[in-house]
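Only one chain is included here, represented as structure tokens and corresponding to the form predicted on its own.
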């Protein structure tokens, strides 16, 4: 009995050491990222550079301490350990990311600091801050860099981690470069290298396009990072409504779509078939859905507002693509379009493609459910027929269909539970329902005068902000990655 306990403790210590080794590495990376806003504040003589210096030194010290304390540990993790690592990283990194917000001269409380950091790293884009034009450049740059850093982490997690963890049918998205064994991180590094170069390249091109479109260099860099990350943080309270140049929203549309497409397809298109991206069934479905919803909302806005047909098209195209891609930029308060606000709420549950920076449910799950529905209907008509569920021309196994069905069910239950919790705290029905939806789907703006496109989450009670921060993490980690920890079987024989 005693020997068994000792063995379990030894295994647990070994597991924790390997996990903290990776956490130490990423804390060092985060400390390096903090140097950039430090230099931005130092260049303009803003005293907040000392905040970033202190935060970077603290983060570096803790990262180095973890790295040195676990220096002899292997980097190879099993699937169960990968669950622990993924959850720990997405809980711990936002806490360290909140340090510059909390100690800045902007008097941001601990709740708001954590909320803003979680919203940034999960690329949600909900904000509690106002008066952004008066903020020092370092803090604005830090918000954008949190989203940009979170975006690349989300892509790697989506193409290398979640498929092997079999989360919500993501096993369907295993790529040729994914390791099919239970050792995930070595392959994740290889995938991250190619995707990272593509990610940086798209960001640079987007920044240049914004600059040519009339943005200042500072605005162009910030908005490029948050556009490719489909995050939606802006350097202005009015988001894209601040800019007068009509070409900028169209540039944003192009790159919001780019961020919502599978990055693995970009890698395949380089040096091979440049059109391979558009030959993918999920991409075609995503683009077709976007075009259809833009058409529907254009007609709606044209018939129910005083917008001209072209302006209705321009406003609809930008805001529809922004919501579907889960970016969250806005050019106008679309909640004033009457019943169209309900359509925008529904659109928050669509999302982009798997392997992208976009959040929400993702297009491939809807494709699978549609194929499953057709299969079931055909079986009712022909009970002895064989009608397999297919995806992109290939037959899909029943365990993937079951995973997607369970994911969608859990998604709805979680949305309902979070909505009820927010309502109990005192929020009205519209605010609680849309806030829960936008948190889980990582979209950003909700509905109503408080958290709508023209508002912020700042007026909400502290308890609601903590609940929504938890909802953002749940949505970003595809629910099961966190919910698996409440099952006794996960901890059994760990």
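Here the structure is a predicted model, which is why all the values come from computation and not from measurement. Numbering follows the first chain given and starts at 1.
If you look for the form predicted in complex with another copy of the chain, you will not find it shown, but the lines that follow are about it.
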Contact with another copy of the chain in the model of the complex, heavy atom within 4.5 Å, among 202, 345, 294, 287 goes to 345
Could you work out which of 216, 130, 247, 378 is the residue within 4.5 angstroms of another copy of the chain in the model of the complex, going by heavy atoms? 378
My question is simply whether residue 59 lines the interface with another copy of the chain in the model of the complex - judged by any non-hydrogen atom within 4.5 Å. no
Can residue 432 be called a contact residue for another copy of the chain in the model of the complex at 4.5 Å between heavy atoms? yes
Flag residue 424 as yes or no: does it have a non-hydrogen atom within 4.5 angstroms of any non-hydrogen atom of another copy of the chain in the model of the complex? yes
Taking another copy of the chain as it sits in the model of the complex, is residue 405 in contact with it (heavy atom to heavy atom, 4.5 Å or less)? yes
With another copy of the chain left out here, work out from 150-158, 277-285, 407-415, 109-117 which stretch has heavy atoms within 4.5 Å of it in the model of the complex. 407-415
Complete contact of 270, 312 and 459 with another copy of the chain in the model of the complex (any heavy atom, 4.5 Å): no
